Structures are given as C-alpha cells and as structure tokens.
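Take a look at this single chain in structure tokens; it is the form predicted alone.
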Amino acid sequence: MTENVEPVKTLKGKLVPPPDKSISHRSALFAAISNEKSVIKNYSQAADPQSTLACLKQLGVEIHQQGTEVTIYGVDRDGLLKPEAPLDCGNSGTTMRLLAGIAAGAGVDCSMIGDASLSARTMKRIIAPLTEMGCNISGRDGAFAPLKIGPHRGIRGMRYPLPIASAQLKSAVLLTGLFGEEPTEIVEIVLSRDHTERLLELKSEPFGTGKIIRSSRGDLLPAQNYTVPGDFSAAAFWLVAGSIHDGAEIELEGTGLNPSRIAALEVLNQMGANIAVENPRSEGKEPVADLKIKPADLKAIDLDPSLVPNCIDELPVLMVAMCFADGTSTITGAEELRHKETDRLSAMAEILNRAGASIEEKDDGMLIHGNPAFTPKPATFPTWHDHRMAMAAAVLATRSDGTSQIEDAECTAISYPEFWTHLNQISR
C-alpha cells in the first residue's frame, strides 16, 4: 500500500499513543512463566507483540484475548511444552531474542523463525552468552534465524559484562538466568531500558556509572496485572511533528515516561522544544504522564553519544527535527542503527536526500545541516518495510509543498496500527 501525504498547515488535537510495545512483549512473556493468572490491560494490537502471544500459545500457554485485555494463565518456569511447529516471530526481534532466552533456559526442544528482515538480523549476540551458560542453542551460519534450541544439562550462572548497551541482549541473558541455581549477574555500564528489571522485580545495585542486575531460579516471578502505558517511541513522532509546525497543539494522553526510555525527550528539550509534562502518575511499575507539544524554534545540537542507546528507536524522527533546526547537528555512536529492521542510517540518509535535506552520512551517525526555513521536496519515499522509516518520512512530508508517497505504508502496523488515522485526525 502506498500512502499519499499532503502538506499540512498545522497539527492540532488530542491523541492516545498506542500501548507500549516493549512492555507488552515483556508482560506476556513474564506472565507465561509465572505460576499465577495475569490480566494485562491495554496490550498492544501491533503485529510484533501479537507474534509474542502466538508463540506462547504454541508453547502450551493458555491465553485469552478480548480486545486489548489479555488474560494469561502462567505455566511456571518448567511448564512450557514442545511446539508442534516452528515458533514464528514475524518481524519481531524482541520476540525472538527474549523468547530464546526463556526457551533456551527451559531447555524446550524447538526452532524459531522470522520473516526475511528478521532472518537477516544477527542473533550471535545472544547465542554466545546463552551457550556459555549451558544452553543448547544454535543459528544458521552461527548467527541467524532459524534458531535451534534443545534440552541442556543445566544452566550455569555467570557474570556477564554487556558488550553493548542493548536491552534485548540484557533481557535474554537475565531470562536464561532465571533457570539457574546460581545467580547470573549482568554488568551494565551504559544503562539501557529497564522494563525487564522493573516488571520481574529483579535485584540490582549501583556499579560505577551503571549497575549490576541479578537473576536466578530463586527469584519469584510476579503476576503481571497492570495497564500497559502509551508507547513513548510512538509518541516521539508527534513530539517532533508538533515542534516543527507553526500553530501546532498536540496533546498525548497516558504516555509512558520510563527514565530509561525518554532520552529523545531530553534531546528535543536541548534543541529548545516546547513540551510540557502534565499529570504525572504510575501504571503498575511504570511512570506515565500527559504531554503537550507546541511549536518551537529548534537549534542544532551535538548529540551526546551516551544518550544514543536510550533513543535508538527515536533517532530517525530526531533526524527529521534536526533538518528544521538552526545550524548543524551531529550524531555519533549510532552504528547500532545499521542492525535494526533495515540499515536505518543508510535508509534515513536516502529519505532525507530525496527530500532535499543537506546531510552527510557517517559510519556511526550523520551530520545534518539544518535550516528553520527548510521545505522538503515532495518525493516517493521507500520504507524498506520498516515502520519507523515510514513514520519518519510521513512527518517530514507534512512540511513539504506538495504530495509525497510513502511506499509499503502498511508496515506502520508493526508498532502503530492507528498511525495514518491519527495523522489524518490532527492534520489541519
């Protein structure tokens, strides 16, 4: 499907961001290995978290879904069954990496597959530490799906310094650690999103600039009874859109503001954005608030590389904001973008070049020569079936002076099924 995006004068309205994908995945996975019944409200309808539910059902977990409310009857750590067919993770790297940590820790005899995009993403990062812990896990060419998992002789606890700031890698190792008698310790120097530690109530302690997190069979696995907050990564598209449109007024209700997820908010504030945080509250173990966005005169920044891990998903749309900032912005330390659903550095360079932006792609980032008066050229934008490329291109195209086309626009359903409806709803 190709979506036509018309230029808009401004954006006004109130939106409820879609449920947080990261928390939705984890809530279902953790509920499945609890020994209690969990009721999860506002569970994401996006394709990726639905892949997680489908895989859990294949593993013998009883799940009832009515709209956005999901009831899961936990089977405890050792109750997962051998599936009759490969576990299809679709496009979801979170499903594959986190579920691999559980399945490999439990010694479930299974295989895990994904679509073409996921099958091209390396799983070597999880295969190596899980193998060291005693798991029976392997991948195609040692690194790619299909993954093969089998019984093992016991999980060995270990101390594992994270080689990169990755919440998926951290979570996979911690989840495997839940099956070992001796503790597994993650040493995290650069902090990444901490939903896994919060929702499982794992013990941790400060360690230098980071922390040490532990997991073992001795940890009790709590039921997951809460309402999933709105997805900050989805909200980020409106934070940028509202900031670059004269007269914009956008309100986002119930947005998750986990401190390990909102570096993009810090970046936009550094750029001079006008974003108000109102009615702060909690949903389960997660902080939530309403956000109000108005336009601002953005200024260029040199993005602190230490912020990159916690705004990695938002970097594509932050690049759009930088195109309208006064001066040259620099992004470094973002080589991880090349290992997402597509090479997002290369993809964003292509999108911005087609729009006529002045940019320079680097090995680990980008230089963006911004201009508050920048008017993007209308263009046909490829998306490489990457939801964040599609939405970033759409935000960019709303500032154009003509009609643009977003190819494979249906891919936004991977994380934000209502995106096009919401864009039309607030366009003026």
Ligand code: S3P
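As the structure is a prediction and not an experimental result, all values here were calculated from the model. Sequential numbering from 1, following the sequence displayed.
Beyond the structure shown, there is the form predicted together with the ligand, which is absent from this document and is the topic of what follows.
With the partner omitted here, the stretch from 236-244, 345-353, 294-302, 92-100 that lies within 4.5 Å of the ligand by heavy atoms in the predicted complex is 92-100. For the chain shown alone, E197 is not a contact residue for the ligand in the predicted complex, no non-hydrogen atom being within 4.5 angstroms.
Contact annotation for D313: at least one heavy atom lies within 4.5 Å of the ligand in the predicted complex. Using a 4.5 angstroms limit between non-hydrogen atoms, S22 touches the ligand in the predicted complex.
The ligand in the predicted complex comes within 4.5 Å of no heavy atom belonging to S216.
The partner is absent here, but in the predicted complex a heavy atom of A167, alone among M123, A106, A264, A167, sits within 4.5 Å of the ligand.
With contact defined as any non-hydrogen atom lying within 4.5 angstroms of the ligand in the predicted complex, R193 is the only contacting residue in 183-197.
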